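First comes one chain, alone, set out as structure tokens in the form predicted alone.
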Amino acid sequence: MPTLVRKSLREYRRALVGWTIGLCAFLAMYISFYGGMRDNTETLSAQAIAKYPGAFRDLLGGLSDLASGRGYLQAVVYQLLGPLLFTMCAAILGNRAVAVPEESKTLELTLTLPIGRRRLLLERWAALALGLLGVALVTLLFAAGAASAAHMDVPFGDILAAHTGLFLLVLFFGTLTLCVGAALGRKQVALAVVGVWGVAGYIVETMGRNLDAIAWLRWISPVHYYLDGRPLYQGWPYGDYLVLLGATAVLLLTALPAFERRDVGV
């Protein structure tokens, strides 16, 4: 493993451990609620769900199948809160690749070493990807174990498909954070771009299914390629996942020349 990748992973380790523990705690808490809610049929009945405003139901994926283990897992883990928390983790780590060291005046020292800017950025991105992959693997095993313990009757292969999509989505947003940081060197700007694109993309994807005025915007939302294939129900949406991978590659290729040409004070 390249030296800079190892160094970056050491720098990320406390954040990675903290986010992994936090995400597992989130999974344990929400999945544990399923047993009690399943036994209380009035809580998850169609009549109870219908009382929620339509826009609210759209934002949470419709809630049409909440009484089943698959529907509950989709609603509470893979629809909104899980992607939101994991994306926050990815954005924080993406900022630590370039923007945070630049604002703290340590990036200039790194760039005085015999290492090109492209290599530095690629190895920082590799550390970001490996770190997010580690978090994804641990939380995948935890989610599968918790779902099994709660008797949700969701096959591991479907959970794996959904979790893979989640990883690809947060890798995209982590790369976006890195890209903005490499181009501008400002961590707050990078976080703002990710926040706006992420929230707007989620709203467009969930509400655009029923609003023709914004339906066309779904195709430029990365969230569309994560949610539209319904992997927890239908298995692997390979085409959608390839789009997410391709978009991530485009962001990285955009970041390389932008960082190489920019004056960072060296």
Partner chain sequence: MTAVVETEGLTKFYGTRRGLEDLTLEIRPGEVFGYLGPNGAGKTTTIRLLLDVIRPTSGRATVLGADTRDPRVRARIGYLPGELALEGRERARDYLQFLADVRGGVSRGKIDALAERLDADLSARMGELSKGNKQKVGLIQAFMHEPELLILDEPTSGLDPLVQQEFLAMVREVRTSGRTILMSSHVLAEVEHVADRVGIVRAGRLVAVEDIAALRERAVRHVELHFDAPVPAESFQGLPGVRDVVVQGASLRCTIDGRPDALIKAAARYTVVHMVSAEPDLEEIFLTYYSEEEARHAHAGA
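Residue numbers count along the first chain shown, from 1. None of these values were measured; they are calculated from a predicted model.
Keep in mind that the form predicted together with the partner chain is missing from the display, and what follows is about it.
Only one segment in the set 103 to 111, 185 to 193, 136 to 144, 151 to 159 has any non-hydrogen atom within 4.5 angstroms of the partner chain in the predicted complex, and it is 103 to 111. A residue is said to contact a partner when one of its heavy atoms sits within 4.5 Å of a partner heavy atom; Ile115 meets this definition for the partner chain in the predicted complex. For the partner-free chain shown, just Glu260 of 242 to 260 comes within 4.5 angstroms of the partner chain in the predicted complex, judged by any non-hydrogen atom.
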